[in-house]
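What follows is one chain in structure tokens, specifically the form predicted alone.
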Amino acid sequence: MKFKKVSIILLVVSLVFLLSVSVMAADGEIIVGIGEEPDTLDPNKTTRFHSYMILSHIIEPLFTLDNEYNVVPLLLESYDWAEDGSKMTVELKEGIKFHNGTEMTSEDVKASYERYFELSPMANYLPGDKGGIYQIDTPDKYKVVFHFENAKPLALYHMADAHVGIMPKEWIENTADNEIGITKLVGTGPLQLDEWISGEEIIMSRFEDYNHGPDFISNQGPTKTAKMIFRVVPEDATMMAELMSGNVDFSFDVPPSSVDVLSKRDNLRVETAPTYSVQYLAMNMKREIIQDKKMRLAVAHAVNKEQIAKAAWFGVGQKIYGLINKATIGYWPGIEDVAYKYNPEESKKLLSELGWEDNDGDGIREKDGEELSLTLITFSNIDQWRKAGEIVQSQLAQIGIKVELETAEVGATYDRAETADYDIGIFRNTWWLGQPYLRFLTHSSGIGSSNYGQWSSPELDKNIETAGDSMSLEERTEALNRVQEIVVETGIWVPLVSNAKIIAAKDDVAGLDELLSHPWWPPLMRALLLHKQ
């Protein structure tokens, strides 16, 4: 009898211990190393990759994408699209809460879309002045009716973008514009913003009322970890050291140079995969020396992409032929036949035709007493961009072009690019859907912002618009193919390398296998799945 009592006591103690361990694991924290600090977490203002990645834990759009790239509802029960594409009626899920405790309603959706249309540089497809949504009706608390000026066949994809995430109407109206995304942010996402310590970390905590995750994720909410802390680690060497020392639990900013070393660590898991993110060189058409196509082609033919992929990306990246790669929806295989081949002799010939010759034997070409010199800008704090800049500098020197390499952190480099304060630059961008991506990078509406080539082409603009607006899949495909062709033919944009997608996680981080089952490892899945064992 006494033995049975002791056994029962031990069993109870064991159960309590196991329960406490489980609770401790669920109430733990994940420290995520990020290589770039966001410029802002305001979904309607940022165009930066890291900003988008991080705000997507907090702010949600109406739709999301499953692991087959199908658009599926996230904040709504159902939607009905008129056959002629003129109207979409959305029935919202009832009971979805914002982080401030209020329930999401149709008025919040309307206010969020109107703010997006007014402020976002990404609003280049859905707004009424682009032929899209010209009126939003809210006939009842949970119903939203979008009226379209013209049919927009890609509308659902754009509505699955967190740049048009939903925020509370009253909160938007009562919060200073310069505070949104900096000191305050309220959404419906699985994590809520606690604090942003500039230059150090962004702290988020579990939103206990979250329970509407999509059914392709095993956990619909709340999150399995109590806190997720995004620690800013801008230097590649420091990121590697932080991962090796265990100060960072998880990172999607793993330096390619460290993959081999980190993979050999018993306490770390390292995974790589192809991605739709690309590295490219752009030439500033506001500079007179760049405006002659022969000069641009001389540069394009002198760039050895394979050398960049091998030396800057340690063989993890792959050379690309156009501004979108094979992993991106809309990729045209024919671009491989259009792309300029590495041919430094052709580069030298073109420069001689322009009158640039090395008359004094110093290795630098001159004309009319001036050296042939270009300023190249890129990121100082990311090895594979800085190294790519050094490689291009060396490659152009071999054809007689002196390159002044000027590097700065990511934000400062993009500021220079947007104001056209450079000759050539090496940048990055990413999007899984080809049409809006190419529009963002090359359409004339992006001059002064995302169109770093600072170039306008009526033919290119028309084809980009057709690729987004035509109700004929054949017409959209043909137009998007032509855009890819024009981009390469101009020599203004020189595609370099398709970035590798690399993550590293400590061996006590659970949820990775399910996360990796989705091709682009979305923030929503990271938030809902990752936790410490």
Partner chain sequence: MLQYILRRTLYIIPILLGVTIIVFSLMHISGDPVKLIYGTNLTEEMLQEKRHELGLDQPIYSQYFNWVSSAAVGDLGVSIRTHANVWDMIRSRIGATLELTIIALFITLLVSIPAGIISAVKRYTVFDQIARIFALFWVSMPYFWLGLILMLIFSINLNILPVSGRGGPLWTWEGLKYIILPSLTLGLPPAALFMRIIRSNMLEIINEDYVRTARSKGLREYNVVIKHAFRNALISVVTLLGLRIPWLFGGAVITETVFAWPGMGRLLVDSIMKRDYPVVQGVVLIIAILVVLSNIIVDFAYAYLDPRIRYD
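What you see is a predicted model, and the numbers here were worked out from it, not measured in a lab. Numbering follows the first chain given and starts at 1.
What follows is about the form predicted in complex with the partner chain, which we do not show.
Asks: Looking in the predicted complex, any heavy atom of F440 within 4.5 Å of the partner chain?
Replies: Taking the distances in the predicted complex, the answer for F440 is yes, it comes within 4.5 Å of the partner chain.
Asks: Using a 4.5 angstroms cut-off on non-hydrogen atoms, would A241 count as touching the partner chain in the predicted complex?
Replies: Because a heavy atom of A241 falls inside 4.5 Å of the partner chain in the predicted complex, the answer is yes.
Asks: Would T40 sit within 4.5 Å of the partner chain in the predicted complex, counting heavy atoms only?
Replies: It does: once the partner chain is placed as it appears in the predicted complex, T40 has a heavy atom within 4.5 Å of it.
Asks: Would you classify Q135 as touching the partner chain in the predicted complex, given a 4.5 Å non-hydrogen atom cut-off?
Replies: Contact with the partner chain, no.
Asks: Among the candidate residues G355, G128, G411, G315, which is the single one with a non-hydrogen atom no more than 4.5 Å from the partner chain in the predicted complex?
Replies: None of the others qualify; the residue that does is G411.
Asks: Identify which of T272, S444, S263, N247 has a heavy atom within 4.5 Å of the partner chain in the predicted complex; exactly one of them does.
Replies: Flagged contact: N247.
Asks: Looking at 54-62, 491-499, 464-472, 30-38, which stretch has residues with any non-hydrogen atom within 4.5 Å of the partner chain in the predicted complex?
Replies: Going by heavy atoms within 4.5 Å, the stretch is 30-38.
Asks: Scan 185-223 and note down the residues that get a heavy atom within 4.5 Å of the partner chain in the predicted complex; none is a fine answer too.
Replies: Read in sequence order, the residues that approach the partner chain (within 4.5 Å, in the predicted complex) are S198, G199, E200.
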